Structures are given as structure tokens and as C-alpha cells.
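Next up: just one chain, as C-alpha cells, the form predicted on its own.
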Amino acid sequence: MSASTTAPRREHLPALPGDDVRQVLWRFADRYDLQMLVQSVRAVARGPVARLVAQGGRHTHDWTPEKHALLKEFDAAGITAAYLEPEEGGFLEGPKNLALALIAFELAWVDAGAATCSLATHLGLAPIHERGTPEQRRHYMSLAAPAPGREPKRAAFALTEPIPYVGVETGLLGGKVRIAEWPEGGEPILEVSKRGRFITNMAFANFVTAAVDSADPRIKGSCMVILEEDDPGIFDRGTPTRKLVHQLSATNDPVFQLRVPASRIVGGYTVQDGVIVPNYDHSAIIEAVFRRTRVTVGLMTSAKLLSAIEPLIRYHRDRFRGAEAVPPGSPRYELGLQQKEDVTHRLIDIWAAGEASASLGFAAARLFDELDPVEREKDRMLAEQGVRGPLAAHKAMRKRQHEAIEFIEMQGHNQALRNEERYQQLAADPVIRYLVLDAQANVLCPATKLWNTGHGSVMMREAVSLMGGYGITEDCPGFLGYKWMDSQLEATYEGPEAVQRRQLSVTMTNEVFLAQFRNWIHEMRQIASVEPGTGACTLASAMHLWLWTLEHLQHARDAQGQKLYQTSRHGVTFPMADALCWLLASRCQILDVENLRREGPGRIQQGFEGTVQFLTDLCHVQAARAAGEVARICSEIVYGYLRHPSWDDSPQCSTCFEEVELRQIESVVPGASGFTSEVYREDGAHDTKAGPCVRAPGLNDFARLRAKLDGCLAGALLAKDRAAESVQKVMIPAALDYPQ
């Protein structure tokens, strides 16, 4: 064989991706502070946390001294102070969304309860951080900082109410606030009554940010109030919640009946005609809080999936070792269950899902880091223009939306063809930048929470099943059984899946977002022209199909004449939200690998080519899976609301042939009968089926896009085969590095 026809030698994945690869993928290779934070958190996770789990720490609902000792470990590792500004006792400058995401990821790699325990303090502080007055921020954030000779004050977030009253409906509140005293010329004293359910950190929290509704005509609407353990009245931490999961976090059902000054209303208040009017109602506060913290919860499930890879590979390879009939060096000894394609292919599916969900979550975290300073600049600019209050700000933003779309469209143009002066003018405008970033954030946040935890919990079940019976034992390597159970709770944290789907069904139709989405389709096409092995072409075709379907649904009606895309039509809007999540996760995964391809050669010393090739194949596998899900969902919705034609419905059977007529056509055009099955025989009978095939006017473009997408799947399973081969050859450590 000549040299020109010899296939190029292909590099395999040499070892599991390490920190050098992850830092480039997730864009913190230039952040030494975050790299050190990751190492510090990892030491806690794979040391004290892992040992506590291995010793049975999850076997009790109570907050034990051993669990409480983890708090000091968090303090010493910098986890507690990571949320704080340097002037408040923290050590990280600037926005901290990526930092908190990395903390959650590292802790959840071992145990999600420990991750929740660390993040719940940040959640309790978040209302004060996002909407508190300067005085509230200065006071409470500083109290939360570890200091020599003093334990930090710990916070909890009390939103949900006890069943059977309200459950997890965040728009309705059972907690009440009244005016107990209002001295002449003095500050009002409030009486707060609140019963909480599933409140994390309550076993040790020193203060609580609680959501309450007015029960007094002298207080308008709802608000959040800061409650301290030393306030006069009842600060009852309540009984531990009998959870099946996340036992390394303290969860109680507390009771509060306290008197506090009105200055404790988060964000402050004004007095109008003798009525206290909070500057922020509780909904405005939790919206600002949850749109950031949902991302970290999503990444906790991502960590589970990626942490399962090494234990699974080790279990599969060791499966037959030790048997006399399996000598060392034989294929069965070296590969074990990995000799079978089913095992390696299913492992690749888990790995690809883990990479995609991590890419989506960290992309969302970085986006919020970019958005936070722009949002503050936008608020300052609007204040200078005299725009006050959320309603006025919303109206002002709506008026600028067309300029944001203009900017996005110019981004998609060739630089030589666009008006550069106008482009730079829009790029420098904080309001335009805010509109562009906010439209993305309003989609990426619920998408991360919905897809990472929802699909992630399904894939964790796959991981456990690949362990056989070992997967549901207490000593399963990597604690996979616990992680599978924990993932079920994460899918309901900070709003169950229906909440995320509802938000997406609104935000994904924002014209600013859709303008960006069109640019992303072009972006994937460009990547595919250079790196076709990523599956970017497949993904672009799936994105096109989804966008066509969404636009079609805006004016389409069902067989009864009812509009398809509307708020209450969850059978339409929710599946479309699910389909979008698949696309977003795959896109972020491809962009991360492309960043590694560009930036990696100068940073990764060994095994670069094999690592990039393997991660590229995972992208292709995941893009194909995403395309399949999108095609299924879109086809079901587009065709599923049409009425199937019947044989006796003459307008629907206008294309039917009589058998005699078809024979005549066949005599002129041989083979013509093969192009139709809609035939009436001489006795009036027809094929055994419901009726003529559906020929819906206006859906030819959809059918063409769907057929194109099916063809784009070419090569996806070849990529899976290559990735599976790498899994058989990859080197793994001699033993799992936790517990230590």
C-alpha cells in the first residue's frame, strides 16, 4: 500500500482530563486565584467530607458534631469567605458566580449535601447582597466573614412554607408581617410570623432572610425580612427534615415569632401616606437570587456524572480479575466488561452528557460574571436619566430593544460590510450590552437548572446500572448510589422542573434572544466548515429545525382551531423548552472544545492531540443525541395537533387513485405505482391503515429540514466507536483518590 493511502495514525485519550484541560475548557486558566480555590476546596471534599460519608455520616438526619466540624473546614479552606468582597473579609475581587460554581462542582464531586451546606450560607446572604441597603450589606456580609477568635455568623434562606398550606409555591406566602409598634417620630417595630419547611442551615443559622406577606393595612405587599436568633420572641430551629438525601446539610422546619425593627426589611422601605412600602417585594428579590444560584445547583449534578467515569472504568476492567480461568495479560483480564460494546457505548453517553452539562453550567456562570458589572452600570445610567423603579426601568429597556437587535445583527455581519462607527457606538452602550447579556442569562439559567438536573438524574441512573449490584451498596466506589439519590432532590431545588420550563417558554421567545440564536446557527456552521468532527453541522441543522418550529407555532392552530403557542398550552411550550436545552448544552460543549483546540497547545504538555480528539468525538456523540431529541419533539408538535385524514374524507383524499387509473398510468410511466399507496381497488377497498398519508399544506419546508437533519447524523456512531476505543485504552490511577 502506498504512503498516500495509509490512514493517518490516530491519537487516543492518554489519561482522564486533568486540571490543565479543565482550566482551559472552563476559561479560568488565567485565574490563579480560582485555581488555588479549587485545590483548597478539593482537599476538603476528598478528605474530611469523603471520610465522613465513608464512616456513615449520611445515616442520620440529625446535625451531629461530626457534620458541624465540616463548617470549620469550610472556613479554613476559604469556602465561607468566597462570596464576600475583600472589604467585607473575602479574598476574591469582582463577580463571584464562576468561583461559587467551581466550589459547588468540587464538593458535589464527592457529596452534594456538603455542597449544599456550604452554598446555603451564600444563599441566605444573597438577598442582602443583591438587594440589601448599603448598611445591611456592610453589617451582615462582614458578620459572615471568618475572623481570628470569632466564628462567622451563618445565614439561612426561609422562603418555602409548610405543607399542607402552600408547599413550594413561591408566589404565595403563609408568613406574615404586622406593625407591633410605631412610636411617634420613631422607627416602626414589626412582628414577623413565619413557619418554614426544608430550610437549609437552620440547625446552626444565626440569622435568616425570610419571605413574608403583609397582614396589616399599614404595610404594602410582601417583602423579605432579616431575623436574628437574639431578637425578642421565638426563634425555634424546628425538627430535622427526614430526608433520604443530602444528609450532610442541615434541613429543618423552623418556627419564627419575632419582633424586629423595620430597618430589617431587605432593601429598605419608604413611608407613603402612613403606609410602609418596601422598596422590593419578595418576588423581585428571589428573582435576582435564583437566577444566579440555580446555576450552581445544576453544576452539582454535572459533577456527579463526571465523577462516575473513573469508578466505572475501574469496575469494568477489574470485573473478572482474580478468577483462575482469567490469566493476567489476557483480553478478559485487561478489559473485563469493556470487551463488550454495550458497556463502552453507554459509558460514552454518560461522559458526553456530563461534559455538555458542565459546559452549559460554567458558561452560564461566566455569563453572570460578565452581566453583573454591566447591570450595575445600567442601573447607574438609568438613575442619572431619572428612571426610578422596576416598572419604569422595564419600559425604558423595551424602548431600546430594537437597538439591541440591530447590534446583534451587526455582530453576525462580515466586519468589512457593517457600519463600524454605529457598531462601536452600540457596543459601548451599557444598556445595549445589558439587554444582550440579560436575554441570554434569562435562558441559560433555567436551561442549566432544568437540563443538568433533569437529564443528569436520568444518566446517573445509567451510571448506577453499569455498576451492577455494586452500584446500590454503601461502599460503592465514588458513592454512586448516594449521588443518584441526591440528584433527584437537585431536580426540585429552587423550583421544580415545571418552573424552569415555564420561565423558558417566556424568555426563549424574546426577540433579542432569538436574534442571538440565529447568529449561533451561523457560528456552528462556521465551526463545522473547519472542524466537521465536532458535530457542529448536525447541531446547526437541529437549531434551524427548532427555530422553524418555534416560528411556525406562533401562528399555527390545532385541529379545533385553538392557538398552539400560548401560556397555558404546556404540551407545546414545555417540550419546546426541553428541546432548546439540548441544543444549548451541546453548543456550549462544542465551544469549550474549540477553545481547548485554540488555547491548549501552549498550556497542555502531554497528550494534547489525543485529548482533543476524544473530546471532539464526545461533542459529535452529544450533538447527534441532541439532534435526535429535537427532531422527535418538533415532529410530534408540528404533526401531532393535525387531524389524521380518513378514507371517507374526500377533500383529504384528493390524491387517491383508483386501481384502474393507476394501471393506465403505469403502462405509460413504468414504476409510477411505487410512488403512491393511496389506492382504491375496484371493489372499493384500500390498504389497511387509518387513511391517506398526511399531506399538510405549508409543512414542506419542515419535512425538508427534518430530512436534512437526518442526513447530518452521518458519522455520529463512528465517533462513538472511536471514543469507546479510547475508553478501553485510557490510563486511570491505581486507586480512587477519595476518601483520603
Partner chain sequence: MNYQIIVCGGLAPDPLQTLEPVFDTVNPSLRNELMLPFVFDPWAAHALYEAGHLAKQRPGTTVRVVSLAPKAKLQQVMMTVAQKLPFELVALDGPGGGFTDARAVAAALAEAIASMPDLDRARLLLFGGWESATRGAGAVMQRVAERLGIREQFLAVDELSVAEDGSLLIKERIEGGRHQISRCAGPPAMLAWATGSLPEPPNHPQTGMANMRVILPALQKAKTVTLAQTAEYLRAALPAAVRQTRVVKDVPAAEIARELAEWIRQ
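This is a predicted model, so every value here is computed, not measured. Numbering follows the first chain given and starts at 1.
Below, we turn to the form predicted in complex with the partner chain, even though it does not appear here.
Contact here is defined as any heavy atom lying within 4.5 Å of the partner chain in the predicted bound form, and by that definition each of G322, T611 and K729 is a contact residue. Heavy atoms within 4.5 Å of the partner chain in the predicted bound form are found in exactly one of 300-308, 76-84, 357-365, 447-455, that being 76-84. The closest non-hydrogen atom of A54 lies beyond 4.5 Å of the partner chain in the predicted bound form. By the criterion of a heavy atom within 4.5 Å, Q606 is counted among the residues contacting the partner chain in the predicted bound form. Although the partner is absent here, E725 sits far enough away that none of its heavy atoms falls within 4.5 Å of the partner chain in the predicted bound form. The partner chain is not drawn, but in the predicted bound form it has no heavy atom within 4.5 Å of D721. Residues are counted as partner-facing when one of their heavy atoms sits within 4.5 Å of the partner chain in the predicted bound form; in 407-439 not one qualifies.
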